[in-house]
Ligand SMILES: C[S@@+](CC[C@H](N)C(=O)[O-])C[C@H]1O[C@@H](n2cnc3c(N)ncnc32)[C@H](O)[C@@H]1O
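Here you get one chain, nothing else, as structure tokens; it is the form predicted alone.
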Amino acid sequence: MPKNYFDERVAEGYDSSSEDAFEPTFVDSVVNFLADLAGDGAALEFGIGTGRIALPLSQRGVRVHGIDLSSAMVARLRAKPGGDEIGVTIGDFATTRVDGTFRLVYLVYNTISNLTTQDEQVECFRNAAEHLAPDGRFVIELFVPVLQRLPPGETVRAFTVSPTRLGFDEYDVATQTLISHHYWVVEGQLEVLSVPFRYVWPSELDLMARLAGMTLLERWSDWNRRPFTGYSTAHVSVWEKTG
């Protein structure tokens, strides 16, 4: 089972440290996209966290269940209005099974990269396929690796720089991994967190989908369905279960 980096310390400040992802217009675009795919069926969120997407999706009338490794993150979900109405199973979303089938399985905010081996990511696709009803959809939101933006010989790229927070991604192209280093100030004290990730290209995800009996249905640069191009820094991909 993967190590749980989202402990009480991280969960306590998670929502405030991810303000852009909680911006109402952005959340609406995510929820609209997912609700269209779910239709009148149920949805399963891998890595449900504090309920950023699950809560408003549930309010749209979609029955949502979630899987998450962090009980501390789920406790924040439970404390929010409507949070106690969403079923959550504590476990590794690459392997944990829940009862029933779903019209939609989704995995947002780069969370598949928390699985730090190719085998774990392959198992995640298989787990999604096993939960999907025939013709069900699996959705992933993920960054595109920024290797072309690294100067020759450099391995570190800043992603956050502010008076109270610094963030740097350290890439290892030999192992297709990166470590995100976070530094922030709480009540005058420096907090430090380093979390490993495995970056993965869209074409590799498509192969994982094929191994799990799914094919690519659509791919966009964002939740508003802007075209995906060679300049896109992220993608929203949708695969359909074919068997």
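So that there is no doubt, residue numbering starts at 1 and follows the sequence shown. Small disclaimer: the values here were computed from a predicted structure and weren't measured.
Note that the form predicted together with the named molecule isn't included here; everything after this is about it.
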#### Entry: Candidate stretches 202-210, 172-180, 186-194, 49-57, one within 4.5 Å of the named molecule in the predicted complex by heavy atom
49-57
### Message
Does the named molecule, in the predicted complex, lie within 4.5 angstroms of each residue among Q121, A128 and W239, using heavy atoms as the measure?
### Response
no
### Message
I'd like to know whether Y14 contacts the named molecule in the predicted complex, with contact meaning heavy atoms within 4.5 angstroms.
### Response
yes
### Message
I'd like to know if L69 sits close to the named molecule in the predicted complex, meaning any non-hydrogen atom pair within 4.5 angstroms.
### Response
yes
### Query
Would F93 count as touching the named molecule in the predicted complex under a 4.5 Å heavy atom rule?
yes
### Query
Would L104 sit within 4.5 Å of the named molecule in the predicted complex, counting heavy atoms only?
no
### Message
Only one of M73, V139, V88, L132 gets a heavy atom within 4.5 Å of the named molecule in the predicted complex. Which one?
### Response
M73
### Query
Hey, which residues along 176-212 are within 4.5 angstroms of the named molecule in the predicted complex, non-hydrogen atoms only?
none
